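Before any questions on binding or motion, here is one chain by itself as structure tokens, the form predicted on its own.
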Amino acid sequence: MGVKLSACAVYTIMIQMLRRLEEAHTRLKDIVNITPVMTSRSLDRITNNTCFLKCENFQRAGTFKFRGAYNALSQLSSEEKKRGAITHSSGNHAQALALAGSLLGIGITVVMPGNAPTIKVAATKGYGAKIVTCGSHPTDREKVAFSLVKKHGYAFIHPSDNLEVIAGAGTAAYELIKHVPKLDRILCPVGGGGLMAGTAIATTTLLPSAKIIGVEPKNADDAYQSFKSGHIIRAQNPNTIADGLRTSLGPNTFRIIREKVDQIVTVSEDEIVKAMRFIWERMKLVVEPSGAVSLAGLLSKQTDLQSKKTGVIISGGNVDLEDFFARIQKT
């Protein structure tokens, strides 16, 4: 994993992945929501940028994850579809795969940690998936999922490291670049790296002069450490409000991110909450903590570009509002 690929090898991989991404875009264009690109004069003034937010909180199942999940499931063989598919996820990929499976008539099993958000567990069940609960350590879900693959012959759809999942995720940035073709940089959340890798593929090939910047919680900074060290460092009991970003990079996502991403910055829990509050209050958009991480990176002013056109991938909007509405009912 620490071996750096030659420029020729990287170029070949990127061309192949761009082809996958374009095929995914064609496959998905009548299935996914073509999510809006939103702007804010307040955000532009605060950051001294012209900002364009790609709002995947308006995507089916509430996050960009539906893109990759549907793209991967739709390409299984007829025999694999009969046996069903399995994944492990704390929530967003779980919901996305469950919804995609229901649309495609494929049985879905999801291994979810015991600390997964209740709203995401309920939504996953609501889409018809079978839930198997596991421990909360990052490796627990993998062990349980692989044991079930061995037992039942399920097709395993990795939440981020599957190449078709990466290609599907990259269609969000593809759409953004088609909408705003002269961006100077794109900021994207980093967890398992599927969205970041897909964004890097789309940006590198369609907008090669633009900077590609990943943003990650400081409390789950394994991608940042991996990027700096040149080899994968696994997450160790990450404790962040951004539950969708607690997973580690895989070989495919690490390879693409290491070669094509310009910078990864980290943000504190307080910065994530402030970004989330800004987008709720100023733009009236319901965004989850993981989805607000990229905006937190922009507001933290850690990057070196000013007075530029900046794209920001807002990855999702699945927030548990039960307590909020309960308090309103009590007043």
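Model, not experiment: these values are computed from the prediction. Residue indices: 1-based, along the sequence shown.
This protein has a second form, the form predicted together with a further copy of the same chain, left out of what is shown; the following refers to that one.
- Stretch-level contact analysis of 260-268, 46-54, 293-301, 27-35 against a further copy of the same chain in the model of the complex, using heavy atoms and a 4.5 Å limit, identifies 27-35.
- Of the heavy atoms in Ile241, some are within 4.5 Å of a further copy of the same chain in the model of the complex.
- Contacts with a further copy of the same chain in the model of the complex, taken as any heavy atom within 4.5 Å, map within 53-81 to Asn57, Phe58, Arg60, Gly62.
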